[in-house]
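Given next, in C-alpha cells, is a single chain: the form predicted alone.
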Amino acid sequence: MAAVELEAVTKRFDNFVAVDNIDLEISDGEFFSLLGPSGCGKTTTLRMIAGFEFPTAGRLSIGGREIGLDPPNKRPVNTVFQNYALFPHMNVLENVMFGLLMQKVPKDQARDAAAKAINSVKLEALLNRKPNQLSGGQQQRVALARALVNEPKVLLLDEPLGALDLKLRQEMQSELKSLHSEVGITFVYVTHDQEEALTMSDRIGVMSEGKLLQVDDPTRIYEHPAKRFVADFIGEINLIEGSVDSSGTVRLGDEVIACASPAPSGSQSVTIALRPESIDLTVENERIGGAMNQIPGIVARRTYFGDSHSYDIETSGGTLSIRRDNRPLNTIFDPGQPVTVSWHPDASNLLED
C-alpha cells in the first residue's frame, strides 16, 4: 500500500493553477523528493499532504485512507519547516515534549519519548539549552526530533536545509539520510537544490508550472531525462537540435547519430541531450573502437577548473560543451585544435519538448 497517494489532484488560487492534475504514489518507507524551481507547485503539494491547504479537485490518501479534507492534527504526518519554528522560551527537551503534552501524554512518558528522539539526532548533551544558544544545524536537529517524537507515518520536510551554509548543509544531508534509514518512515522532501535531491532520494518527482513532469530514481532522472525541462534543470547538459530523415535516421549536422531510443514516428526534428561528462575527446581523425558516435570538431574554448577542464567544441551540428578530468594521461587540447568528439549511443537522449 502506498504511504501517500495523489489522484488527479489540482489546487487553484482564484484563477491561478498552482498544482495541475497530478498523480503520484509514494511508497511506505521511501525517501521521496519533490524538486523544481520556485513557484513550480512543490511546496503547495506538500502543504496539501500536511493539511495546510486543501485540493480544489482530486483525491489525496495516506496509508489508504482519504484525508483530503482532514485538518493537520487529524493526519498521521508531521512537518519540518525551513525556519524551524521552535519556542524561544523553552529548552531543547521542552520543545520536543510540547506536542506530546498537548496530546495529554503523561509527563514522564513524554519525557522518555522526547529524550529518545533527541538521542536519535545526537543532541543529548544539549537538553537544557534554549534555541538562541544553539547553532542553525542544532536548531534543525531539534525541529527534526520534535517532528519524529510523535511517530508520524509520514515526515514532511519543506526546504529544511535552505537556511544553512554549504558545508553544514552537506553534513545535514548525510545525517538526514542516515536518520531516514534508522527510523524507517516515509520522508517527503521539498527542495530546489538538484544535488540535494540526487544525493538523498530514493526517487525524485520533478515539477514545473504545477505539473509533475517525471518521477524516477536519481540515476534515471539525471542520465535519461524524459522532458527538455528536466534535462535542462538538472545539472549541465548539451541540448542540440538534430534532424530526422524519412527512414527515421537521426542526424547532427552532416553526421549520423545513434541514440538510446528511436526518433518519434513522423518527427522531422529532435532535441538531443548529452551530458558534458559523457563525451570524450581525441586528436583529429583518431577513431575509437566500439559502437560510438564520432564527429569532427574544432576546440573553441578551454576553461580550467582545477580537477578538470571544460571545452567548447564547434561541430557541424552546433557547439558541444565537454568536461574532462585532469588525469595524468588525459591530453590537454588547445583552442583552434581539430579534434574528434565521441560518445556512446546510450548517452544520446531524445527529448520531448
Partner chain sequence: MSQTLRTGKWIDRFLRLNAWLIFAFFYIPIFVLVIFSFNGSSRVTVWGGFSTRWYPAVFENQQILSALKNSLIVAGISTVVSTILGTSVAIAIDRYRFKGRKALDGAIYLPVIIPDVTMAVMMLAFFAQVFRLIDSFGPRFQLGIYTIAISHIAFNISFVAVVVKARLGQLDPSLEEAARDLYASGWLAFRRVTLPLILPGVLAGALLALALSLDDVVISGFVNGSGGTTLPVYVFGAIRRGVSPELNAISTLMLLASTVLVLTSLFLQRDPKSKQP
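Here the structure is a predicted model, which is why all the values come from computation and not from measurement. Residue numbers count along the first chain shown, from 1.
Omitted from view is the form predicted in complex with the partner chain, to which the following refers.
Shown alone, this chain has one stretch from 182 to 190, 97 to 105, 257 to 265, 240 to 248 that lies within 4.5 Å of the partner chain in the predicted complex by heavy atoms: 97 to 105. Using a 4.5 angstroms threshold between heavy atoms, Arg302 stays clear of the partner chain in the predicted complex. Interface membership of Gln140, defined by any non-hydrogen atom within 4.5 Å of the partner chain in the predicted complex, is ruled out. Proximity of Asn83 to the partner chain in the predicted complex falls within the 4.5 Å heavy atom cutoff. Of the heavy atoms in Val77, some are within 4.5 Å of the partner chain in the predicted complex. This chain is displayed alone, yet in the predicted complex one of Gly162, Gly136, Pro71, Gly253 has a heavy atom within 4.5 Å of the partner chain; that residue is Pro71.
With the partner omitted here, the residue from Val283, Leu168, Leu127, Met90 that has a non-hydrogen atom within 4.5 angstroms of the partner chain in the predicted complex is Met90.
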